[in-house]
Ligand code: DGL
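As structure tokens, one chain now follows by itself in the form predicted alone.
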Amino acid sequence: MNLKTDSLEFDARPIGVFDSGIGGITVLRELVKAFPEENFIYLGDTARLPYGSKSAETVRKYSLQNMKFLMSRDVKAMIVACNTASTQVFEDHFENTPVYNVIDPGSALAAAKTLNKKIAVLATRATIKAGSYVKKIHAILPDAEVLSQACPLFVPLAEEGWHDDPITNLIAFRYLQNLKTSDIDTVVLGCTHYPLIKSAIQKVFGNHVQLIDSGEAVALQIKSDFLSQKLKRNSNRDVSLMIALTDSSEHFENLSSQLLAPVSDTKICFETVSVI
């Protein structure tokens, strides 16, 4: 193959992923597991987390700054690995680069998985207020019953690393006990932090209820776009995995390393950056 053909079929640039904190690492983990040959750069806006309690205007401003930062690192695609930010990022392209949110694929997967058309959405207050999941799911399944529950304490529990803890189990039961009686068969984890406490959520609903993970859903969409050549794969054997933080955090570095270790043996490079 000549160099010109190679340049058309392959793209060694990294895939950019951003979130306010540790939650987006669950999306990165699924992407790294699905595409181990790809380069990734993850931006954690740790200086300004959480996004879920901030106004829509502020979240939009932060998201644009994050995307501009990722563009400065020459990414070939961007994943908005934050449900709250996904409600305020309306573009499917930014500066001619594809942008993926986590709400569209999560909604589509929930609609495809439900058998009785009774779906629950667990998310931050900002995501629930935006109503994005309800609108997207109803666009696919107009007769679906979609119930929403804000679970704001799930984020600090996940950030603290209390993923399998009696306190987490108690708080999960407190938030979800009313939903449990509604015959729901599918639950959307509408915050990327929530897969970190998936076991506590599953204990409340039972194993017969399907939990929809945003990371798994967006990985399926990326896979489809690789197959269709909308995105070009990396052809290099050496891969890189970088995590950039807007505020240095030893806790974040340790926890993200633990979460990524089972799916990648690539050395993680950490960097403190400014996006303003």
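Source: prediction; values computed, not measured. From 1 onward, residues are counted along the sequence shown.
FYI, the form predicted together with ligand DGL isn't displayed, but the following is about it.
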From 186, 107, 124, 101: within 4.5 Å of ligand DGL in the model of the complex by heavy atoms is 124
Interface check vs ligand DGL in the model of the complex: of 49, 243, 211, 222, the one with a heavy atom inside 4.5 Å is 49
Considering only heavy atoms, tell me if residue 137 and ligand DGL come within 4.5 Å of each other in the model of the complex. no
Partner contact for residue 82 in the model of the complex: ligand DGL, 4.5 angstroms, heavy atom: yes
Margin query: Please determine whether residue 196 contacts ligand DGL in the model of the complex, using a 4.5 Å cut-off between heavy atoms.
Written below: no
### Message
in the model of the complex, is there a heavy atom of ligand DGL that lies within 4.5 Å of any heavy atom of residue 200, even though the partner is absent here?
### Response
no
The stretch from 68-76, 107-115, 82-90, 142-150 that lies within 4.5 Å of ligand DGL in the model of the complex, judged by heavy atoms, is 82-90
Within 146-162, the residues having any heavy atom within 4.5 Å of ligand DGL in the model of the complex are 155
